[in-house]
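Just one chain follows, in the form predicted on its own, and it is written as structure tokens.
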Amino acid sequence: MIKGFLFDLDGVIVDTAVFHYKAWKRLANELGFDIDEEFNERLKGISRMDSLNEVLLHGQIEITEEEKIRLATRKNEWYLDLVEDMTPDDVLPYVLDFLELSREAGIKIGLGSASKNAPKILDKTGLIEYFDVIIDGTKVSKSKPDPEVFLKGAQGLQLEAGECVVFEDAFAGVQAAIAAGMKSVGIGKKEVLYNASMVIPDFKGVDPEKLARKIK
């Protein structure tokens, strides 16, 4: 029986993915090359340093670990400048309705995100009160597709892995859910998230209780 929902942040609850893209693109341009939205798909759901390594590999640039930390910090500062202006209007359509219905149904709610800025974003958008546990990049050492973030989320909700459903928009995130022994709902396109237990375009009209019974 499903008793808990674990949500990714970027692209599932809020559309901060575009902020990440703008910041990574700016960094790549400063380093003398460019990235496009297709390349940016590779960065979804993975940690900041793993994302930086992908960007550097794409630009065929080799630097020291110390320099990597400096660049990652600079990118994050640009990203935070964009986050600073976030409001409840930045919550993706129908998400708030789904969270409210889930709470009314007695389903526990957790966040499992690689973002170290997750609490700040949830606070800015007025959603933090809906979450029983928040597992972000400051609480894990391994990035998706490793299941650590979701296993810790289940632990924080005091539930078994099999009692949780993960909501993800990234292939790597769905892989993490599978590795954790959890069902998954892909938010997006079936051809991209074909590894998910179920795929929906968004939360419009989705009943959490019916979803919990239906998912296989």
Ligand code: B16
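We number the residues from 1 along the sequence you see. Predicted model, so just to flag it, every value in this text is computed and none were measured.
Another form, the form predicted in complex with the named molecule, is not on view; read the next lines as being about it.
- For Ser184, no non-hydrogen atom is located within 4.5 Å of the named molecule in the predicted complex, even though that partner is not displayed.
- By the criterion of a heavy atom within 4.5 Å, Arg74 is excluded from the residues contacting the named molecule in the predicted complex.
- The shortest heavy atom separation between Arg103 and the named molecule in the predicted complex exceeds 4.5 Å.
- The named molecule is not drawn, but in the predicted complex it has no heavy atom within 4.5 Å of Leu193.
- Screening 63-71, 26-34, 47-55, 174-182 for residues having heavy atoms within 4.5 Å of the named molecule in the predicted complex returns a single hit, 47-55.
- Along 112-130, residues Ser113, Ala114, Ser115, Lys116, Asn117 each place a heavy atom within 4.5 Å of the named molecule in the predicted complex.
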